[in-house]
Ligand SMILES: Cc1cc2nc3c(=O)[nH]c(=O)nc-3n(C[C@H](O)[C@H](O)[C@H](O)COP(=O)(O)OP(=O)(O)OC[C@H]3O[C@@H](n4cnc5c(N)ncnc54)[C@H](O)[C@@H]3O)c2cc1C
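So this first bit is one chain, no partners, the form predicted alone, shown in structure tokens.
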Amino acid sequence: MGSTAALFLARGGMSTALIDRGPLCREASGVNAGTLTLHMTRAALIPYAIRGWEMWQAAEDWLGRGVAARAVEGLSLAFTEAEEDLLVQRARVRQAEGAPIELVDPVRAREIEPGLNPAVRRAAWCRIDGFASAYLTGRAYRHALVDAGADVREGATVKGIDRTGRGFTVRMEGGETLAARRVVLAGGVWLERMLGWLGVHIPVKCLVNQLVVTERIEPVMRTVLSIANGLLSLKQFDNGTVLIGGGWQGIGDPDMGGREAIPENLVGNIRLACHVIPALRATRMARVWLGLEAETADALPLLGDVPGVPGAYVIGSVHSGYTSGPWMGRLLAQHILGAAPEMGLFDPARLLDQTPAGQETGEAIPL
């Protein structure tokens, strides 16, 4: 998201520097499952996800090189009565937001995905799901940003940002400072800390998602699969590996990063994958890694002006953010460049922390 905003700002004629403490797009943008999905996107974000999905499929046109994006069908599945009720509810609210999702019976679901467990009760089918190689994201953006004239600084750590009479002073590790008229904060689970540099407190929750990839095997599936309760995402890449996700939690935090997998959660995630596609029981796990995902109190994005700080902007905490991320970044760039964004932003001011000390913030997670 931050890289897309920087790219379109640079192309819009603004002198742009992008600062990343590591290689570009190697945090959440580079280690997520690469799923491009409407099934797992919050209903309110469906119009954004559709435009983001379109951008990924045409990445070579606007980014200059692709990220191995593929458009495939997607199925969200129900194996229990409770999952079926949830599946129907989730499908209807997404249809209302424009998602091309249809409810199908078990026979039709197994025609679409022959390897499915016959115990499936019902499915929601979407013709425009897909996936990309998240690992390729940073390389693609780096080339595009440099070509656009942006000053790309990888391996550079920002220690703080001070407000000045004409804008901001960005303080770098090592003592260097940069003067800027505007700043965009795009730091995922670190956004709460970064907003603190400007005296703004918005709580950002850190999720530590575990992901598993198998050894290469013969084709066992051809769609992107998920479960209505959100505990599984499953896809097979062209090289034969199968990526298993679903938000099962590991150990870590914004200071340590993703530190350690929880074996019981790995077993649960893999058992669920094998239940959905029984052919996976014959394969072996090749690698496990962790990725940090940011989430706000209402599970909707931070996208817009930093409250009370003219010239400062924030972008992040987008559920299923890899799908809609490019579109979100483009919208913010339009806003900063003075144009009317093609879709509405998500005002961060709604999330200003006004909770008295010692009182927990309630969570109201939308569908």
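So that there is no doubt, residue numbering starts at 1 and follows the sequence shown. It should be emphasised that the depicted structure is a prediction, and the values quoted were computed from it without experimental measurement.
Here the subject shifts to the form predicted in complex with this ligand, a form of this protein not shown in this document.
In the predicted complex, Tyr322 approaches this ligand with a heavy atom inside 4.5 Å. The shortest heavy atom separation between Met1 and this ligand in the predicted complex is within 4.5 Å. At the 4.5 Å threshold, heavy atoms of Thr157 reach this ligand in the predicted complex. Of the heavy atoms in Gly316, some are within 4.5 Å of this ligand in the predicted complex. Proximity to this ligand in the predicted complex, defined as a heavy atom within 4.5 Å, holds among Phe237, Trp190, Tyr135, Phe168 only for Trp190. Checking Glu293, Glu73, Glu84, Glu97 for any heavy atom within 4.5 Å of this ligand in the predicted complex turns up a single hit: Glu293. When contacts are defined as a non-hydrogen atom within 4.5 Å, all of Ile19, Ala28 and Gly34 contact this ligand in the predicted complex. Remark: of stretches 267-275, 207-215, 106-114, 280-288, the one touching this ligand in the predicted complex is 207-215 (heavy atom within 4.5 Å).
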